[in-house]
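To begin, one chain is listed below as structure tokens, in the form predicted on its own.
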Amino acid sequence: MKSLRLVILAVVLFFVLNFTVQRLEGETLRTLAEKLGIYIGYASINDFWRITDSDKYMEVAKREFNILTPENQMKWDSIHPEETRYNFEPAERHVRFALENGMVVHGHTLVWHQQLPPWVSGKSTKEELLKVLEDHIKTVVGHFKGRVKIWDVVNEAVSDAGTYRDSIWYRIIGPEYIEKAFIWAHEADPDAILIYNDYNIETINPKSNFVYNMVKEMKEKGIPIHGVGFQMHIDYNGLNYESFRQNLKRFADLGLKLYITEMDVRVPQNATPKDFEKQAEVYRKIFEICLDNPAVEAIQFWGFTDKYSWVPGFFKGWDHALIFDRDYNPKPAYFAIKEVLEKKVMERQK
């Protein structure tokens, strides 16, 4: 009798699991992410509404993702081209597209040393540059108040050596510009999630140590910083996964929300099927580690189709870094990520 009950239980479990698997087969990254209460997203290219395949681009974007970051059109040279003139319309198109399709908006970026209009470089005193920075942050954040949920307040303020980056902000104002930026952003929208964003801080190293100590001190001083963004521009050789896991943990232990903000995994331009499988495994491992840490709120790619990736123009000899190819076909990386999400959903449904 006991053996019969075990057989019946095994059969029931078999059918339940198969039903769950079949039901998940029709899911997208977006629907799976929503079941898990996380965000999966992408960086939205400039003027996406004007590209020749805009219908296809928007179709895939709204099907697969629930968070959007404007790739360039919230940066200074686009949104604040002249000292007395703001240009919000391109950024507005990204925001409207996101909100009309039930996506969250992640704003990028309020303070950065690159893509600054020439008029900013003409400022030579601490007082005038602080005034410019305060006006910019409060105007931009205030304009999008209630519509942009997350802001990259300060971007790449630390050098690879683990020191403050020698930028116009640091040279003229000093390190206090970082804290002031968070304070001003919070004043402009008290409900926005404010994060520090940087590259090469995914594992424990001199740069991530510096960022860790910087944000820890900010938290201790009561500065309104809520999270850290790890850009994750890597290649198909991956990274030290255990170091990545421990690094996420120490930032989470500070009470911070964690974001993978700009992920891509580049492979050689003449990539083989084996290279794409290696790429898929890197994506798989990163997602597994992230989903094991409850502080991780979002994982975003820097684009989603190789057709519009920044990688070939920046990394000579490298390409194919995203999860859809140039014809919007999902690559092995897409299916690897989907498997990780499906597995996590099934675990939670047990």
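From 1 onward, residues are counted along the sequence shown. Please read these numbers as outputs of a predicted model, since none were measured by experiment.
Same protein, other form: the form predicted in complex with a small molecule, not shown, and the subject of what follows.
The closest non-hydrogen atom of E179 lies beyond 4.5 Å of the small molecule in the predicted complex.
Contact check for F244: every heavy atom lies farther than 4.5 Å from the small molecule in the predicted complex. Of the heavy atoms in F88, none are within 4.5 Å of the small molecule in the predicted complex.
When contacts are judged by a 4.5 Å heavy atom cut-off, N46 counts as touching the small molecule in the predicted complex. Considering the small molecule in the predicted complex, the lone stretch of 135 to 143, 245 to 253, 225 to 233, 95 to 103 in range is 225 to 233 [heavy atom distance within 4.5 Å]. At a distance of at most 4.5 angstroms from the small molecule in the predicted complex, none of the three residues T28, N66 and F335 contributes a non-hydrogen atom. With the partner omitted here, the residue from K75, K278, K123, K257 that has a non-hydrogen atom within 4.5 angstroms of the small molecule in the predicted complex is K75. Of the residues given (W184, W112, Y212, Y170), W112 alone sits with a heavy atom within 4.5 Å of the small molecule in the predicted complex.
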